[in-house]
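The form predicted on its own is given below as one chain in structure tokens.
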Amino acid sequence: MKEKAMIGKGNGRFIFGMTAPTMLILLIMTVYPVIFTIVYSFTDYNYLKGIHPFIALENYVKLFENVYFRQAVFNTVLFTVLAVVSEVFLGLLLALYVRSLKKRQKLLRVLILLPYLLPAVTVALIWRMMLSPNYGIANQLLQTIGLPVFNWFRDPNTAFGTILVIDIWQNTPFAFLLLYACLQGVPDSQYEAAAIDGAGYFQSFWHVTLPNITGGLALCAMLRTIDTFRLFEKVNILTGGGPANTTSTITQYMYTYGIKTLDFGFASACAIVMTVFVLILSAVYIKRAVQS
């Protein structure tokens, strides 16, 4: 018994020794920044001033009174809803189509995933060139067929929709990959039983496929919501939040009015508010996924 106890203690020390560096890195890279952000959200911390007096909830009050922040919240929520619904829907359609193929599934999977493998900055730069009002291929095609050209990223009527389309193009493959994996787990026996009962394609989808992938749909929606809510690179590169704040998001607002002005206290308050929004949305998704 003593030998077993000694071996157990030795294993425990070994495990602790192996995991300690990782835990230390996580504490430094995750826990400390979170605590730092929370603390400084209650201060007037400006890097140029060099002091950070405690001001309680003043940053939060100033934040919610700011009309530009409210516009950024509206834009972020609207963008997230439209993007997530579109990406999950299109990803499911692609997954169903690829799964129905008997040949070239592997090739098609690779081709579909290519946009998602590109960095967001690269995607933004590529689309900026293609939609350039001067030499972009999109406007050249419109001119060829006699249609008017657009300044896609400077027109308030097109900027928001253009960034939305770009985001859907890049991130639909993620939804496809996750839902395609879920479809592989649906038992063929259930489809066979549905066919014996005389069920058609849509009836099989509604009564067999959909109930089996409900958890996957919820997970996909949650992951895409969290990621889309943090949208920054495309907006910052393509529009900078303009024109007239029509594409401003919470992260873009935080960067413009907090980070660029070195007002880290205000930026910290904005970051905390965004985190709370994401946590609430994630909690709703998780609760519904567990109930289903």
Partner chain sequence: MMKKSYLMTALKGIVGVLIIFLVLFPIYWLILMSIRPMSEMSGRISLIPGSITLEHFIKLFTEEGFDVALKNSLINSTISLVLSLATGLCTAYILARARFHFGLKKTMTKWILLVRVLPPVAFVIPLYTLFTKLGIIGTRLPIILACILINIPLIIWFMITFFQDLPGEVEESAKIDGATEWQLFWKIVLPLVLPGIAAVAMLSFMYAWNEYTYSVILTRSPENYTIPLMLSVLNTEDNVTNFGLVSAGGLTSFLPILLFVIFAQNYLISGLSSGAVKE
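Note that this is a predicted model, so its numbers are computed, not measured. In this text, rigid core is short for the largest set of C-alphas that superpose within 1.5 Å between two forms. Numbering follows the first chain given and starts at 1.
Missing here is the form predicted together with the partner chain; even so, the following discussion is about that form.
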Y32 within 4.5 Å of the partner chain in the model of the complex, heavy atoms: yes
4.5 angstroms heavy atom contact with the partner chain in the model of the complex for Y47: yes
Would W152 count as a contact of the partner chain in the model of the complex, using a 4.5 angstroms cut-off between non-hydrogen atoms? no
Is there a heavy atom of Q190 no more than 4.5 Å from a heavy atom of the partner chain in the model of the complex? no
Only one of 70-78, 159-167, 190-198, 136-144 gets a heavy atom within 4.5 Å of the partner chain in the model of the complex; which is it? 136-144
Does every residue of T37, L117 and F174 put a non-hydrogen atom within 4.5 angstroms of the partner chain in the model of the complex? yes
If we check the partner chain in the model of the complex, which of the residues in 204-234 reach within 4.5 angstroms of it by a non-hydrogen atom? L219, I226, R230, F232, E233
Determine whether the C-alpha of G198 shifts by 2 Å or more between this form and the one not shown once the rigid core is superposed. no
